[in-house]
Ligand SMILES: Cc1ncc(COP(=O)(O)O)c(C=O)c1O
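Only one chain is shown below, in structure tokens, and it's the form predicted alone.
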Amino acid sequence: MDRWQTSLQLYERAQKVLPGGVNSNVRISSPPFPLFFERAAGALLVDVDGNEYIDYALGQGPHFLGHSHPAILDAVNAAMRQGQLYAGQSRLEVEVAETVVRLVPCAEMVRFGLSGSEMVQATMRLARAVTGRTTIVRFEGHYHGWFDNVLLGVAPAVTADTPRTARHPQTMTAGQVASVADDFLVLPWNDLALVEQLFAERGHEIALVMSEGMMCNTGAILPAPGFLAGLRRLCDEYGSLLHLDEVITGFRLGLSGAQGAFGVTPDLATFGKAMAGGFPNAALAGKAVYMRRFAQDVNHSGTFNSNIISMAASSAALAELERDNGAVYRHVERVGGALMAGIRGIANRLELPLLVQGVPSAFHLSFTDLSAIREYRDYALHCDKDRYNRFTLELLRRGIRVINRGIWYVSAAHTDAQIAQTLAAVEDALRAVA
């Protein structure tokens, strides 16, 4: 642990004043322990001990353009010298909203907040007001925030005998009351027949179907052919609303997000992370006939909504994403694709059961004999998570930082040389856990 001595000392100090030594529970399990960082630029991250890492965590996804992007920092620096918070409107929020409306298929109007978790709450409130119904359909393994009424079915305990039919989801933490699950029904993802059966039985009760456009947090699972289109058809038929949670996929899979990539337009969609290049900003976008209810009888408030810093960051980030007809996406497609192919080749050569799946900007690694992970249960029942944790620690020792649940994010700042360096480290790390 000598290489992380200063981090360890800070961690010991932190545990005396911060529960678990961290400010987000997802950081507690970071091997070897929660590290402390000092600076970051591009695809590189430096810890307080001076160790440098090629970063594939990217702030848990926001840094699609890389850390400390000069255009974003310059825009924020200039804007905040005019003020930070007006308790009123600014030109920037109109301009950013106009950009989102122009780029995102479902976006006819936009509301801004600070986090994806918050905007999911606004989505559910709006859907219930519009439909007059209360039931919301969820999918196993999908993450929609940490609030009581959505931290449900995210990582449920399942066995091979767990029923696949719709049921109330499991709570995930102490302090949740069982009643928060009363208005939610959870199903395995990518099984349209099960959703059709549920609608046939209870479609008149369903206000909203809530789904990630691509299951990023668990397995980087793409929607099965026709699955999202099937959700769209069922919602239209039964008068329910369709919500795509694009907090991760929005502006990462392309300028039009997962809905553009997969050709399905929801009624409502939530965005965050990549839209502000590392600054806190989030949005709910949707059809005007529904979104106008926020100006009528549906409350959505927030002191820091559309603050100058967040709006300036989003304005600059979206401009960079659009530059040269989306050149950053072509770069990420190329380097991310090379990284995926390279890891597959190494695993095959070493005869290790390492599955690489997803898209170049967000892919997943898991030790499994499965040829593909198609839903949460595949990941929960058939992947060797302990081995992957050992692998992430071996990578960290070799200057590569990844998230221990398997998702790898690639940025526009990653270079060919860094991809080559990463592949060399992957081979060494895989040999160490073989």
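Throughout, we count residues from 1 along the sequence that is shown. In this text, all values refer to a predicted model and were calculated from it rather than measured experimentally.
The form predicted together with the named molecule exists for this protein as well; it is not shown, and the discussion that follows is about that form.
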{"property": "Of Gln170, Gln176, Ser115, Thr134, the one that lies within 4.5 Å of the named molecule in the predicted complex (heavy atoms)", "result": "Ser115"}
{"property": "Interface residue in the predicted complex among Ala258, Ala107, Ala276, Val247, criterion: non-hydrogen atom within 4.5 angstroms of the named molecule", "result": "Val247"}
{"property": "Residue contact check: His144 to the named molecule in the predicted complex, 4.5 Å heavy atom", "result": "yes"}
{"property": "Glu320, heavy atom within 4.5 angstroms of the named molecule in the predicted complex", "result": "no"}
{"property": "Interface membership of Asn190, the named molecule in the predicted complex, 4.5 Å heavy atom rule", "result": "no"}
{"property": "Touches the named molecule in the predicted complex: Asn217 (any heavy atom, 4.5 Å)", "result": "yes"}
{"property": "Interface segment, criterion being heavy atoms within 4.5 Å of the named molecule in the predicted complex, picked from 291 to 299, 81 to 89, 310 to 318, 144 to 152", "result": "144 to 152"}
